[in-house]
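Below you'll find only one chain, the form predicted on its own, shown as structure tokens.
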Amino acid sequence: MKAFYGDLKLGILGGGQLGRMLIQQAINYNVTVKILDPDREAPCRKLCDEFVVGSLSDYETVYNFGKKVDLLTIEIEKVNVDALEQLEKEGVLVYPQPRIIRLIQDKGLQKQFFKENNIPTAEFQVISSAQQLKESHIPFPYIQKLRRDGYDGKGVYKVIDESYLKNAFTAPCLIERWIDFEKEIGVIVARNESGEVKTFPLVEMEFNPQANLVEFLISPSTLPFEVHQEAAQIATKIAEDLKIVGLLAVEMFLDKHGKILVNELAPRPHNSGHQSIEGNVVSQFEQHLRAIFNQPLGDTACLNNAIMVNILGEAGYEGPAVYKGIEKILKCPGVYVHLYGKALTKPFRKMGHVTIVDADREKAIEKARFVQETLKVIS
């Protein structure tokens, strides 16, 4: 492979905020970055060396884009995997590997992978028809998930009893036993081509109940050491079983009995690792680049208590984004604002995030609540 800091051309499929933050780190490494995204106003458009407008799901578009780069990575899983497999055959480095993206695109295959590799997860059943759903052996209540294209809480439906079946998804899906969990937790793990693996410290997550996406994240977690250790071991096992090259976010539940169950995987930088930019020795974005360039992985230790707050578009507002209260939060020490460059807001759209760092955990949480209450995206 060419030296990453020289002539190597890195292609990223997707030009959203994850791509934007990858580019911000890639600039420090003098990496040439090309972006493919269907939206000509995507957050990456002004930061990359070359911006191509085109569909991520179209074979020819992805193939032609990939032929002009040396290494291809993703910031979103919804991409044409057939094109990636062909590019891989023709010698383009594709990380994470196409077979892994294909597996993770399908939540049914993902669950089967957990089962076959003894990864702890909730009891589940793959469903292909409404009749099969009615005859399921999983007791109410349970969660129904579309096998494909669900994200940020979309494609997820809670079935409380038989009366809910009339509104259930009819497309191929899976259902899984409802977990009465204590905490939602996450570990980000990275693996390079040489087989070196490193995990980031465990984080705790709080979800927006309306939008069902991460709204508030605390790092490091204060859960018992045994929980940290087991979560890191599970994440490491998954990365090694997959032989992934790149970053992998492992979302998990800690149930009321202290058992860890894996929920889902994301083979890329993830919302649950944004705090690492200010909160850890190496950020998730730098770690992803180190992994795909097959460089030594960085130190993932926490530098401080770090709280990440997602900045979501306010309900009832749609149009040009206005960040009300930004001056007030910028007066607070240890507050770092990341705006994603999205011109238009709409309800629950991810418009940015704020990381709060403080040596005092309770003070950090207090400031984070203040940020949550004060910074509003309206139009």
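Numbering starts at 1 and follows the sequence shown. Not measured: the values here are computed from a predicted model.
Same protein, other form: the form predicted together with a further copy of the same chain, not shown, and the subject of what follows.
Of the heavy atoms in V281, some are within 4.5 Å of a further copy of the same chain in the predicted bound form. Shown alone here, Y59 lies farther than 4.5 Å from a further copy of the same chain in the predicted bound form, counting heavy atoms only. At a distance threshold of 4.5 angstroms between non-hydrogen atoms, N64 is out of contact with a further copy of the same chain in the predicted bound form.
Shown alone here, V53 lies farther than 4.5 Å from a further copy of the same chain in the predicted bound form, counting heavy atoms only. Only one of L312, C48, V354, A42 lies close to a further copy of the same chain in the predicted bound form, with a heavy atom inside 4.5 Å, and it is C48. Listed residues P296, P224, P172, G258 were compared with a further copy of the same chain in the predicted bound form; P296 is the one with a heavy atom within 4.5 Å. Using a 4.5 angstroms heavy atom cutoff to a further copy of the same chain in the predicted bound form, all of Q24, I27 and G341 count as contacting. Partner contacts here mean any heavy atom within 4.5 Å of a further copy of the same chain in the predicted bound form, and among 243 to 251, 136 to 144, 296 to 304, 156 to 164 they occur only in 296 to 304. Residues of 176 to 196 include none with a non-hydrogen atom no more than 4.5 angstroms from a further copy of the same chain in the predicted bound form.
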